[in-house]
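Coming up are structure 1 and structure 2: the same protein chain in two forms, each one given alone as structure tokens.
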Structure 1
């Protein structure tokens, strides 16, 4: 009797999960490799259509999280759903694309052949293969080398190929694990453009990276991980503690300088005053105030706190 009720409850929960069906939902997902705790209770929800950044230093557990979500390795404990299906569901992977962090493709095949292989494995109808492959090749800029053996590709070209392979068949959810690690600045810029295009198309993107500055521009929301734990999560606005403004000024006495505290937290190093928590719309007002008091302004530098700053701050606090 009791077990039947649990059963029913579980089934209802599962049905509810499928209905609401965020792209990713997981609860207390944990992975242990021997004595290493690679992921320590990951709980999060990624709604559909979002570009979600998963940020953290090397060894934080980002790749492990992606492997668990893809069902490539079993979780030690916890549970999760991807596109409404339980982790490990084979058919759900039909709608998922994946660029592994350590990517390698059959060196004895050509780029086009690898893409055809993945079209087949992803169970795309044969009639769309050539169209899908052509689109993916042009998206990642590999058309000219498409028929060369992968053995002859550079590392960056292989990463582009991997990205193209991950995008075959317009998947609903794409996992990109350090997608720019082998790319030059031009390549990185192109990857960002590709991600913007995916977002326009409504694709959910789960982006792993240890290069925080790169993600600031593309992510709707981020989670910061360290040692297998999420230490902060939210939109960039929520995570970054607002803006600041640094003003190089002379001609103010100490009292006048202190009076500027009504604009925000002051940091005065004698040469320049940094005012934190100041919206950009109030900068002219601040400058007018200084000039009104007889101060001479040499430079006004609005400053953003970067993800990197914030991350280091969190690590120090934690």
Structure 2
């Protein structure tokens, strides 16, 4: 009786530890294909319940990283855990949803039939199929078109259907690979609304995208990747701490314009001067300096650094 109680306690402690663990945690995750280094020591942590953006230039290793995290390919070296389990663990994979960048459903099937097929593939009990399909279709807004053939769906509707498939079984973690690429503004807005609803119900969303403005709208935290390594990670407030000011000015020679570099990182396109790293309290001082040198100021435009600005800045530094 005593040993049984100890075993039960240990299992409860193990379950509690898994629940408290991050959604994703990896340390020096590396992948080689022969002599080609596809991923060079990826280290990052994704908290549960957040929308996490994963961005980088083409060839940075983003797709390879997603394949490793999903357990589709083995790592060459390093370690990783998803939902408290080692990469590739069958139990963890049953709690993950995945929308690949490129997918295609049989055009002769209806949306509801596609969902039923994936319920079978996910080995969900048949008794819950109807409820699961209805919940997923409602979340992605396709209830009224569920019985129409896929051939009649627009690109945006097919993307939403793919999202619905990824959400069958109420996964704890959802990987979305370029979910808004090739969509028009209305389609991108619809996908954003779905991501917001996922966050509200506590689902962790791993969003792999090169559309930086989209990431800036929906993400709680972002990791920037270059050449297979994370070069910056944090909340948007942490990453986008820089301020800038763009001033349209005339009447200064080249030397005078360059002297303004003492206010911050200078970018001069001939028509306007942009000074990065300049706090709002120093803008009047900058304007007074320009006027004092004989320049004429036509416009002062304070700017907050965008995610794209910060990303390009980090790539230049790298």
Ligand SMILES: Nc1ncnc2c1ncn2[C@@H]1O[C@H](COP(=O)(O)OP(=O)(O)O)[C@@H](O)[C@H]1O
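Residue numbers count along the first chain shown, from 1. Keep in mind that what you see is a predicted model, and the values were worked out from it rather than measured. The term rigid core refers to the maximal set of C-alpha atoms that superpose within 1.5 Å between the two forms.
*Asks:* Determine, for this pair of isolated chain forms, which one is the form predicted in complex with this ligand.
*Replies:* Of the two forms shown, it is structure 1 that corresponds to the form predicted in complex with this ligand, while structure 2 does not.
*Asks:* Does the distance between the two CA positions of residue 264 reach 2 Å or more between structure 1 and structure 2, the core being superposed?
*Replies:* Yes, shifts by 2 Å or more.
*Asks:* Superposing on the rigid core, do we see a C-alpha displacement of 2 Å or more at residue 48 between structure 1 and structure 2?
*Replies:* After core superposition, the C-alpha of residue 48 moves less than 2 Å between structure 1 and structure 2.
*Asks:* Does residue 30 count as moved between structure 1 and structure 2, where moved means a C-alpha shift of 2 angstroms or more after fitting the rigid core?
*Replies:* Superposed on the core, residue 30 moves its C-alpha less than 2 Å between structure 1 and structure 2.
*Asks:* Provide the displacement, in Å, of the CA of residue 152 between structure 1 and structure 2, taking the core as the superposition reference.
*Replies:* Shift of residue 152 at C-alpha, rigid core superposed: 6.3 Å.
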